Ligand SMILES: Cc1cc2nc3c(=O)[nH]c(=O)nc-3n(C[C@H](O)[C@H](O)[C@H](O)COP(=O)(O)OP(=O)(O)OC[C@H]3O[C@@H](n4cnc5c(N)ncnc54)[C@H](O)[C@@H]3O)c2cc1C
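A lone chain, given as structure tokens: the form predicted on its own.
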């Protein structure tokens, strides 16, 4: 098996990995991106609601024909019957379609892409890392670990894993139905979130995200508080509003998934970067991760570029952390601290939902409005 050499290897072709590969290639680095699955509209399924802010859609010029549904409001339901509404334009996408779009951007920028190549081993040999897949052997000075919360890359490198209180277990179902039923029961431009500390989910929420002719049904709870996930998920499905929305639908996919809601203890070591879910770079309150993954992938490459340009390779990790802190990491850390207070009881969660109607969650936390 002949060794192929690159400047940067990106493991995982999700949003963080694809943006890292795109930025790396644009800056003249020879770049390889590998993924264990097939990337394509009919490729891998990602258990993700797929909600995007409209600003992100415009920033990457994402084609409207690839959007599964344009959203104008977020409806927030407490199980005691209290409802809140947050206005704002967004989009719901299929992650398979979205991820393929970003991967194609990386390829168009000059990155080499290898799909269906799962990482088997990674070793540091002198100044480079060697990666072995079932199909090839590659080396690079820098590694971008963007292979998810259970990152095989970081596991092989023996990086510390997340604490149980920083992991959310989610269950996602895709329920096939017809567009008119979705429009009648959920509205034609609305996503729905459901809360209830005592009677639904202690630390987390559930959701109904409409796509064109499918409703993504999800539930997520802090993993160390889960006793019987299927029974707890069923409690959500049995809510009258949910039961009515799903009455004529057929299940096509059922998938559990982990979401990190707290940072890894380290985000950089020895020319290896953790980006996106691999680093726990996710909003601890909402679970939003796509934009943070994309930005962290970009910042990792910018840190490499700065370190090499200034001949300060010893400062690359510092450059990466400073960029993350400056843009959003301090806010995510503050949100993680606030999350415990928000989900302490139903009174607190309802106060938060009331504030969320007219404020950004970051504003609520940083201004200490709770």
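What you see is a predicted model, and the numbers here were worked out from it, not measured in a lab. Residue numbers count along the first chain shown, from 1.
Keep in mind that the form predicted in complex with the ligand is missing from the display, and what follows is about it.
K.L.:
Using a 4.5 Å heavy atom cut-off, which residue among 112, 258, 226, 246 comes into contact with the ligand in the model of the complex?
P.N.:
Looking at 112, 258, 226, 246 one by one, just 258 meets the 4.5 Å heavy-atom criterion.
K.L.:
Which residue, 78, 86, 95, 137, has a heavy atom that falls within 4.5 Å of the ligand in the model of the complex?
P.N.:
Spelling it out, the residue with a heavy atom inside the cut-off is 95.
K.L.:
Among the candidate stretches 178 to 186, 230 to 238, 268 to 276, 195 to 203, which one is within 4.5 Å of the ligand in the model of the complex when only heavy atoms are counted?
P.N.:
Stretch 268 to 276 is the one.
K.L.:
In the model of the complex, does residue 37 come within 4.5 Å of the ligand, counting heavy atoms only?
P.N.:
Residue 37: contacts the ligand in the model of the complex.
K.L.:
Might residue 282 be said to contact the ligand in the model of the complex, defining contact as any heavy atom within 4.5 Å?
P.N.:
Within the cut-off, so yes.
K.L.:
Does the 4.5 Å heavy atom contact test between residue 167 and the ligand in the model of the complex come out positive?
P.N.:
Residue-level check for residue 167: no, no contact with the ligand.
K.L.:
So in the model of the complex, does any heavy atom of residue 50 sit within 4.5 Å of the ligand?
P.N.:
Yes, residue 50 sits close enough to the ligand in the model of the complex that at least one of its heavy atoms falls within 4.5 Å.
K.L.:
Determine the residues of 138 to 167 with a heavy atom within 4.5 Å of the ligand in the model of the complex and present them in sequence order; the list may be empty.
P.N.:
Heavy-atom contacts within 4.5 Å come from 146, 147, 148, 152.
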